[in-house]
Ligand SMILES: Cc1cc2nc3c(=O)[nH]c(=O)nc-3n(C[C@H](O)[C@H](O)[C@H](O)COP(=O)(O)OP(=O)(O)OC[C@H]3O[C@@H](n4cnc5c(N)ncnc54)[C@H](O)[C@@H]3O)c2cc1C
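Only one chain is given next, in structure tokens, and it is the form predicted on its own.
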Amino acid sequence: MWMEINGDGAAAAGVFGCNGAGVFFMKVIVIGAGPAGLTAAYQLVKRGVEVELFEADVQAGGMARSFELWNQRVDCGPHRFFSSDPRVNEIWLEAVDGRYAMVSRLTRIFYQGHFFYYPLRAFNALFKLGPLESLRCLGSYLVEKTGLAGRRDQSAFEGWVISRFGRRLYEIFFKTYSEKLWGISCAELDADFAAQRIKNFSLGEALKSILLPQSRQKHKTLVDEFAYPHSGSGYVYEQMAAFVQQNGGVVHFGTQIKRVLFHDGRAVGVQSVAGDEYHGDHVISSMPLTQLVAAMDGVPQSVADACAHLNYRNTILVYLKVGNDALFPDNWLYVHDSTLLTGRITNFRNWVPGLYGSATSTVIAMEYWCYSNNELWHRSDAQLIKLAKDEIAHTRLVNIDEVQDGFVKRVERCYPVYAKGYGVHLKVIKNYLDGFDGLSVIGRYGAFKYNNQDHSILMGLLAAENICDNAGHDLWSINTDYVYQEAAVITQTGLVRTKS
């Protein structure tokens, strides 16, 4: 299904790729229209590759999608864009085409009836916690730093965080929220989650940000400004999908893929849930990794067992329409209060005016996380809306009499759960899939990586380079041991490069 044209016009054998020297794929099939899949399709189409993309949802964006609700635009929870990789920023800026604004970030933690700025501010935390609790926090931090606590096991999230913040700060600002999100004890949560999301951030880093607020070298957790499209985070991916379609690619929305088709150790196409088959020379998959493997024939028992040890967490988003345009000032709140089931609350009126236009109401989203076998997942929409109304009233952020309407959106398998030791099982699956030609797995779902948008965009970009240039990028390493070669940030005037 491919050929290379020599200088004399004769067809000759070669290697797969589309490096501009006459070697072309006839067709690449992409599963999923999230940031990873769409970036790959977007880049491939620009290189002249035939692309056919399949998305189970009716719109682009994956978890970063935006949609209309009560004549306003909303996202699936808060999605900010920030990257230190200039290649990622350039793609994002190209797709958004100037239709974005820089948003000042304000996020706080709700804990025991008080609101704490996040990232932490020393005087705010001292005042809200009180002198006795503050001394306890400082004391537990010093116990860790002086070694009085002994050598701590840091293979789990709990030990990793305690060693850097002390037990008391861990219990207040990490434990409850993390256990809501993942549904397992922090002692059972792998330290990889902290290593990827918190990295070198520590109490010392937080103090540095307080003492040197103008420092440009901020840890990602401390970034206080981010780029955001005028029409919601999903606008970027809607534009990518439109570009693919306008330049010869085919995008099938509302088409769920059941399995990847293989022949003689090579991916040769896909089959939809409806039974239709589509063939190509390479398959890029961002469908949930466990689903991909479960639908394959002849999977060794060791690989099947490894899949059984991996799990995804579901999200329930309860949107409330509030008849008030001046609620709390935060972009979003982290809810660390153990008496509330919700884990995060987003106020869409505090992002950009393009989301709400002339509307005088405010849309907030309350997030709940659960597994498919949890009772919460099976509650009716009416029950979930009542729960959200009761909980938002408990926070005193909203007058319950001002809540005018509610809407529920359920998203399955959106968080890969980093249960302790998950990496061993993931490696078994990785080694098995690496044995097949013509297959790339990318994205949060596809590679079982807790990606931000920028990580998924990078995965899609590098997957396209692997296909077109035989670049040999290790896609599995993104968001774990990948090192940015050069730093760059987006400002109001565009892309600015800085030293890494």
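If you're wondering where the values come from, they're calculated on a predicted model, not measured in any experiment. Quick note: we count residues from 1 along the sequence shown, nothing fancier.
Same protein, other form: the form predicted in complex with the named molecule, not shown, and the subject of what follows.
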### Task
Have a look at H279, K389, R80, H114 for me and say which one sits with a heavy atom within 4.5 Å of the named molecule in the predicted complex.
R80
### Task
Answer with one of E367, D190, D330, D337: the residue that has a non-hydrogen atom within 4.5 Å of the named molecule in the predicted complex.
E367
### Query
If contact means any heavy atom within 4.5 Å, which of 42-50, 469-477, 429-437, 453-461 contacts the named molecule in the predicted complex?
453-461
### Message
Test of understanding: in the predicted complex, would L69 fall inside 4.5 Å of the named molecule by heavy atoms?
### Response
no
### Query
Does at least one non-hydrogen atom of D57 fall within 4.5 angstroms of the named molecule in the predicted complex?
yes
### Message
Is V250 near the named molecule? Define near as a heavy atom within 4.5 Å, in the predicted complex.
### Response
no
### Query
Using heavy atoms and a 4.5 Å limit, would one call I91 a contact residue for the named molecule in the predicted complex?
no
### Task
Go through 436-452 residue by residue and record those having a heavy atom within 4.5 Å of the named molecule in the predicted complex; state none if no residue qualifies.
G443, R444, Y445, N451, N452
